[in-house]
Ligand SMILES: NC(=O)c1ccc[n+]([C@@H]2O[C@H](COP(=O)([O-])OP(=O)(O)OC[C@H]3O[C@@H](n4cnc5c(N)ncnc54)[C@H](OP(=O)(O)O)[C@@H]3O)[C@@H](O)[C@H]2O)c1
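Here you get one chain, nothing else, as structure tokens; it is the form predicted alone.
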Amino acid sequence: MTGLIPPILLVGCGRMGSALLAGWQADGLSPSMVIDPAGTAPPGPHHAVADISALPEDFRPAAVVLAVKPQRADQAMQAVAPWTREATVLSIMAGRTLVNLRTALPDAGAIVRAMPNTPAAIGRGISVAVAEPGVDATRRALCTRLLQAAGSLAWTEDEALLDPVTAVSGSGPAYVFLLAELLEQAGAAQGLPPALARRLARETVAGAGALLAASDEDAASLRRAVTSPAGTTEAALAVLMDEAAWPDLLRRAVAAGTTRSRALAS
């Protein structure tokens, strides 16, 4: 798909909505509408309103992107339904299934679910998307362009996978931020000045991520490459890789996130 992105109605302009909007603007966005109660939408070729009731009745978006919290989904979908007629609906709300979305928006032209993550704010996000049966190539291409404006994209035909996707990549940046936070605290506990401990932790996590992204090797190979026998890294990893430590904790964390994602659909 080339040329300007066709008119979009973005419902919700928090962190993720704003990140997507910035990507669309950089990619070339036709005049669009944004529902932005908090007034945080960046400037661009769109008109932001605080409430759905302020939308022009004759506005006909090619796609309606639902970026509100799942707890506000029912109210938002009921209000926005008139603008979804024949439009492609792209939902990035956790837990809301295709069936749930179709029930709430029966006149939508097509419905697609996706789970992006917050590195979309710098164009480094990863999204996984699933379409309801019968969505044609043109509508898929539109959703692909909308999501790839903020990073990379994978499509799946199995909607059930979006629950563990949510727990791994949707919530995953928070796990990495926690690692940096705890690494900073541990360094300070060993006598590092707090400012230096913070700098070391942030730059180490960011640099390791960049190296992982740039390398053809898998994470395990990169880990082994910096682990000298009987060295300091091996001593530290013996603690972290104990079965009761990181391996068990991450399995439990992802399982808890997956369970919560499924619960949001009920």
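So that there is no doubt, residue numbering starts at 1 and follows the sequence shown. In this text the structure is predicted, and so the values were computed from the model without any measurement.
Same protein, other form: the form predicted together with the named molecule, not shown, and the subject of what follows.
Contact annotation: Ala76 falls within 4.5 Å of the named molecule in the model of the complex, judged by heavy atom distances. Not displayed here, the named molecule is kept clear of Arg223 by more than 4.5 Å at the level of heavy atoms in the model of the complex. For Asn100, no non-hydrogen atom is located within 4.5 Å of the named molecule in the model of the complex, even though that partner is not displayed. Contact check for Ala149: every heavy atom lies farther than 4.5 Å from the named molecule in the model of the complex.
Contact with the named molecule in the model of the complex holds for none of Leu90, Ala108 and Gly109, as no heavy atom of theirs lies within 4.5 Å. Residues with any non-hydrogen atom within 4.5 angstroms of the named molecule in the model of the complex fall in just one of 109 to 117, 157 to 165, 190 to 198, 128 to 136: 109 to 117. Residues Val11, Gly12, Cys13, Gly14, Arg15, Met16, Gly17, Ile35, Pro37, Ala38 are the ones in 9 to 45 with at least one heavy atom within 4.5 Å of the named molecule in the model of the complex, listed in sequence order.
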